[in-house]
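Only one chain is given next, in structure tokens, and it is the form predicted on its own.
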Amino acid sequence: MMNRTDCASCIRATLAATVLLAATGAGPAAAESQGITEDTIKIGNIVPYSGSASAYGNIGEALKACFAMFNEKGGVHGRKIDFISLDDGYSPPKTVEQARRLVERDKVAAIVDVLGTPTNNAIHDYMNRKKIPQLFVISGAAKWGQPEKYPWTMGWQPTNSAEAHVYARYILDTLPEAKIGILYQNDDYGKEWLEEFRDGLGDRADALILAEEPYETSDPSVDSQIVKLAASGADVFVNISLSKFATQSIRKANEIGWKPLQFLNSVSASVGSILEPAGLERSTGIITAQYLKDATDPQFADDAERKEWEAWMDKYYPSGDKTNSFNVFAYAGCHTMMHVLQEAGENPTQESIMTAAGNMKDVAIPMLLPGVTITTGPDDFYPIETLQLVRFNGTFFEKYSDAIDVGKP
């Protein structure tokens, strides 16, 4: 019996051979691959349009608008994208239900940009058993970059480990006597992020961290947790929260007069959907990490990519909020998927799609920060490995550090 390493090697070899056949026109007909016909490629997506993380449902709407733009331009190799986006309410059991529907009923060729660590965890094994690409997972968990074990799954954004270590290093270098309070989501996402932040602090973690407060996604608010963190005497707030809880925590800290230096995890660093509801003045001074251009930053006012993004918003997503960074995220993610489909050949298969995803070399995707490109390889499923610290000035996030090469976990 083959071990997992041998099996993974066989799969990678099969993928490479498939792409070669597709490139020479000798590959299997498109109709032989699930979700791919002569005219269409069916792509699935799962995001929370409802529930505690519903702010991220905006990503699904923006993806629809972006694929619509590409369809109007002719699609890819003459095929239009048939995009199906479903709601899971950020509930793992519902994610499983929706993934089964997409794979077994709708017969998608791949799924893209499914949001969340616990939700993607719930379908990780299933997607790999079914050999359906689970691409550009919206989660910073390191596990999405394990081609030897999960050859059908790939992340996109920098890992939680990378971001957490960047914040930890900044604190150690500039605030060696910091008193740290941490709010974190009590699930796979928050726990991994907290563990990686502690790892970044090393043997100073116990001395610097005064308090850690978890919350459940079913909680109505995090007000009590913020009061406890303030009472601990912390002067640095590491905020590992999502969606409405990020908004609530920023607002509550201000209401009780707690004014620590705040580090906000990048997935919640959206001016339009998170900071505006909290209050822009209340959010001033927040530090986060970026790898995408901030559409509210005046330094990009004359940037060609930003102008193209704004034109896309105006034509294909006029109801969208240009201050919402999730619209930038979805636009860049959509372009990444279209690049992969283009490179997968004129007769794409599930195998050739994964091979194309795993062979990107310094690919420039619109709206990534200057100098940030995407590179993957058969043994490197971490597309983006660069971050930059930024600080909110009350209007936009301004550059706070040079680009940081974070590498693989």
Partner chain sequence: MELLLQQIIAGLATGGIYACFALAVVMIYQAIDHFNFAQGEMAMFSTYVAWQLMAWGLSFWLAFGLTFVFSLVMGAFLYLVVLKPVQNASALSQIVAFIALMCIFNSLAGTIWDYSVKPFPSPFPETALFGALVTGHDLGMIAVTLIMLAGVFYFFKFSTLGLAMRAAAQNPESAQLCGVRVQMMTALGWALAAAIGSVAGMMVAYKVFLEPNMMYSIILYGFAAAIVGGLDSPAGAVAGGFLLGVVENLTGVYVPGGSELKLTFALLLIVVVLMFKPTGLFGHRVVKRV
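Being a predicted model, the structure only gives us computed values, none of them experimental. Note that the rigid core is defined as the largest set of C-alphas that superpose within 1.5 Å between two forms. Numbering follows the first chain given and starts at 1.
The next section is about a form of this same protein that is not shown, the form predicted together with its partner chain.
Participant: Can you work out whether F263 and its partner chain are in contact in the predicted bound form, taking contact to mean some heavy atom pair no more than 4.5 Å apart?
Facilitator: Output for F263 is no: heavy atoms all beyond 4.5 Å of its partner chain.
Participant: Using a 4.5 angstroms cut-off on non-hydrogen atoms, would Q248 count as touching its partner chain in the predicted bound form?
Facilitator: Yes, contact at 4.5 Å.
Participant: In the predicted bound form, is there a heavy atom of its partner chain that lies within 4.5 Å of any heavy atom of Q98, even though the partner is absent here?
Facilitator: So Q98 does not count as contacting its partner chain.
Participant: Taking 4.5 angstroms as the cut-off for heavy atoms, does K293 touch its partner chain in the predicted bound form?
Facilitator: Although its partner chain is absent here, K293 would stay clear of it in the predicted bound form, with no heavy atoms inside 4.5 Å.
Participant: Considering its partner chain in the predicted bound form, which of D219, D82, E305, D235 comes within 4.5 Å of it through any heavy atom?
Facilitator: In short, D219.
Participant: Can you pick out, from M338, I287, A278, A211, the residue that has a heavy atom within 4.5 Å of its partner chain in the predicted bound form?
Facilitator: Comparing distances to its partner chain in the predicted bound form, the residue within 4.5 Å is A278.
Participant: In terms of non-hydrogen atoms within 4.5 angstroms, which of the given stretches 149-157, 136-144, 308-316, 186-194 touches its partner chain in the predicted bound form?
Facilitator: Contact criterion met by 186-194 only.
Participant: Using the arrangement in the predicted bound form, list in sequence order the residues of 227-259 with any heavy atom within 4.5 angstroms of its partner chain.
Facilitator: Heavy-atom contacts within 4.5 Å come from V227, K228, A231, K244, T247, Q248, R251, K252, E255, I256.
Participant: So with the core overlaid, does the Cα of D321 end up 2 Å or more away between this form and the one not shown?
Facilitator: No, the C-alpha position differs by under 2 Å between this form and the one not shown.
Participant: Quick one: core overlaid, is T117 moving 2 Å or more at the Cα between this form and the one not shown?
Facilitator: The answer is no, as the C-alpha of T117 shifts between this form and the one not shown by less than 2 Å after core alignment.
Participant: Align both forms on the core first, then report whether K149 has a C-alpha shift of 2 Å or more between this form and the one not shown.
Facilitator: False for K149: its C-alpha shift is below 2 Å.
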